[in-house]
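Presented as structure tokens, the chain that follows is alone, the form predicted alone.
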């Protein structure tokens, strides 16, 4: 399909922006247009201004391994940590043994209970990280810098990005997408045009139909601090056991908490966030003089559940029943963890499938 005129990308998250980048490289003659439903780019990786805390925040704290070859080519940072520290809340001890905390790591990577993760997902992870060299396993984590470190580099190749353009429907003619329907605009899709869906699984099924997934929840809490707080071993990133939350991330003016695969029925209210702050103070071995300003970010459908049943439902390729529609998004990469690396890899696969 060398004579492609326009490639329409639906979704301005990591997968959509990556699709625009790879499309420009493979089809330099084509016009690339990205349509994002919201006002910010990056999906769950976006950076936004928090009025409540009066600072810029990442939508969540994201981690990239140095061995993630797709992510690393865009990441504008060399700020990698050699190894994270782990803290046992019951024993009040720290260590750096990843194998001792395999359940915590797997739950964080797959947002699924370690015992429930499909074995094929675990195998894919092992293959992707091999060889298990210290340089491969170095960790970068976002410090409210995803916009400049990842989002803007991904946007460089695409000039036509349209925000506040949620896709409301489609028209099908002869097994092809023939029209994209937005709230105030309809776009006719010609024979020499291509559509890339970079929607999350939930919104994809609403528009295009297909299988339904079960989802797992992630909650992040950011506490605004007046100065950088000290954690055990002066760690900037700390995995936590036996507290009800998983990770602490420190920047100059915040401390972030991440809880993966959180109970769907748990009420994440202010009292709950205050109780977590008291545990953080206990880890730091200080008495809480006051409760700092905080913001709770709750994502009920953060990722699909990555157990055997849901993993089987994921697509086998970027192609689908419609001839001119190709799929991108971390959920489309069967066996892969739902993460930044999978999102970028899915975009590369989608463009190469055209």
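Residue numbers count along the first chain shown, from 1. These figures come from a predicted structure and were not determined experimentally.
In what follows, reference is made to the form predicted together with a small molecule, a form of this protein that is not presented.
- This chain lacks the partner; the member of 238, 106, 218, 194 within 4.5 angstroms of the small molecule in the predicted bound form by a non-hydrogen atom is 218.
- Taken together, the three residues 11, 37 and 302 all lie with some non-hydrogen atom within 4.5 angstroms of the small molecule in the predicted bound form.
- Here the chain stands alone, but in the predicted bound form its contact with the small molecule, taken as any heavy atom within 4.5 Å, falls in 200 to 208 among 93 to 101, 200 to 208, 119 to 127, 274 to 282.
- When the small molecule is considered in the predicted bound form, residue 16 lines it closely, a heavy atom lying within 4.5 Å.
- Residue 311 falls outside the set of residues with a heavy atom inside 4.5 Å of the small molecule in the predicted bound form.
- Under a 4.5 angstroms non-hydrogen atom cutoff, the small molecule in the predicted bound form lacks residue 23 among its neighbouring residues.
- The small molecule in the predicted bound form comes within 4.5 Å of no heavy atom belonging to residue 33.
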